[in-house]
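Form predicted on its own, single chain, as structure tokens, below.
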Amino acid sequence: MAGIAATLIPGDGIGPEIVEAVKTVLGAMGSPFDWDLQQGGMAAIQQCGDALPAATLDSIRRTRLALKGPLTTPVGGGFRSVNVRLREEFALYANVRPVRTIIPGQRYENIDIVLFRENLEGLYVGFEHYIPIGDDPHAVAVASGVNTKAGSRRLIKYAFEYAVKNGRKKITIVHKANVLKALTGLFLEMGREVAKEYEGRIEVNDRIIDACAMQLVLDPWQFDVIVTTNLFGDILSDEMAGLVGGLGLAPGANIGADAAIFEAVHGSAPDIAGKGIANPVSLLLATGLMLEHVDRLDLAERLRAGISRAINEDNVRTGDMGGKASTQEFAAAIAKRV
């Protein structure tokens, strides 16, 4: 049986190593994807001078599905963030960042929260300029944020539909409408408007961003699903990853109407690249989200259960989780479990 066509971008640093780990585990599950291998980031620049080559974009347009390792964007030199370019190119409006406790005995137990971050608007539109004063051309920096009713509603609607489909009970809308009354007030307005469509099915409340950040540390169990704007979502999703052990244990999905890209949310970690000690859990969990996206919930559950059992029952862990297993030894242990 042929696999599902998907683009695979190994990326930079530890990317190729953790991608190999994913291949090992998926191989034990019958290789559900038929990979089209493409390059991005520094690896692509070295090959063809472009961090996001036309061949990679064409592949994603064809498959409408991609898994990518961490991509490095060079500092300076006029290169724009590869991740931002991908989001814009394929209108990936929803960034989905679930966090769930995998390793018990951490500072926080039984964490299970999903954050939905608007991916295309807010301050990330990059409308910035300087105002010169006297001899200083950079005396004043000005940035404009943009939130639209359509963009806000689309993301919030997606979050509510996810909540209904996955048996979630409560959505928290996070904003700063007490100060940014227009920019985030509009987002809150759209949240309340969408919420009326789900009355009686989903409980809804809202939090100001700073209060939410504090409450995530004090009492994270009060949160179920969080939906918020671009910058706030960027910050909160990393804070949430900290509740379960860090970015190495948190996956990410970028969803659009015509394409979806799944990713490890951590960086390329060049300091440990090539040493065979990288933790592939983030990319493996992202692969689980990808399997869910293509309606292979059975395989997604098998994968998550295999990761948990390898870590907690077999006690096979990479160094960052307190073990001594290499990347491939860890992958092999999961492969035995799936």
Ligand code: NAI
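The first residue of the shown sequence is 1; numbering continues from there. Worth saying up front: this structure is predicted, and the values here are computed from it rather than measured.
There is another form of this protein, the form predicted in complex with this ligand, and it is not shown here; the text below is about that form.
Q: I need to confirm a contact call. Of Leu231, Val265, Ala241, Ala259, which residue comes within 4.5 Å of this ligand in the model of the complex, counting heavy atoms only?
A: In short, Val265.
Q: Just to be sure I understand the contacts: of Glu329, Asp320, Asp314, Glu20, which is the one whose heavy atoms reach within 4.5 angstroms of this ligand in the model of the complex?
A: Checked against the cut-off, the match is Asp320.
Q: Name the stretch: of 287-295, 23-31, 56-64, 268-276, exactly one has residues whose heavy atoms fall within 4.5 Å of this ligand in the model of the complex.
A: Careful reading of the contacts points to 268-276.
Q: Find out whether any non-hydrogen atom of Ile14 is located within 4.5 angstroms of this ligand in the model of the complex, and reply yes or no.
A: Ile14 belongs to the contact set for this ligand.
Q: If we define contact as a non-hydrogen atom of the residue within 4.5 angstroms of the partner, is Leu115 a contact of this ligand in the model of the complex?
A: Although this ligand is absent here, Leu115 would stay clear of it in the model of the complex, with no heavy atoms inside 4.5 Å.
Q: Taking the shortest heavy atom distance, is Gly41 within 4.5 Å of this ligand in the model of the complex?
A: Judged by the heavy-atom cut-off of 4.5 Å, Gly41 is well away from this ligand in the model of the complex.
Q: Give a yes/no on whether Thr172 approaches this ligand to within 4.5 Å in the model of the complex, heavy atoms considered.
A: Judged by the heavy-atom cut-off of 4.5 Å, Thr172 is well away from this ligand in the model of the complex.
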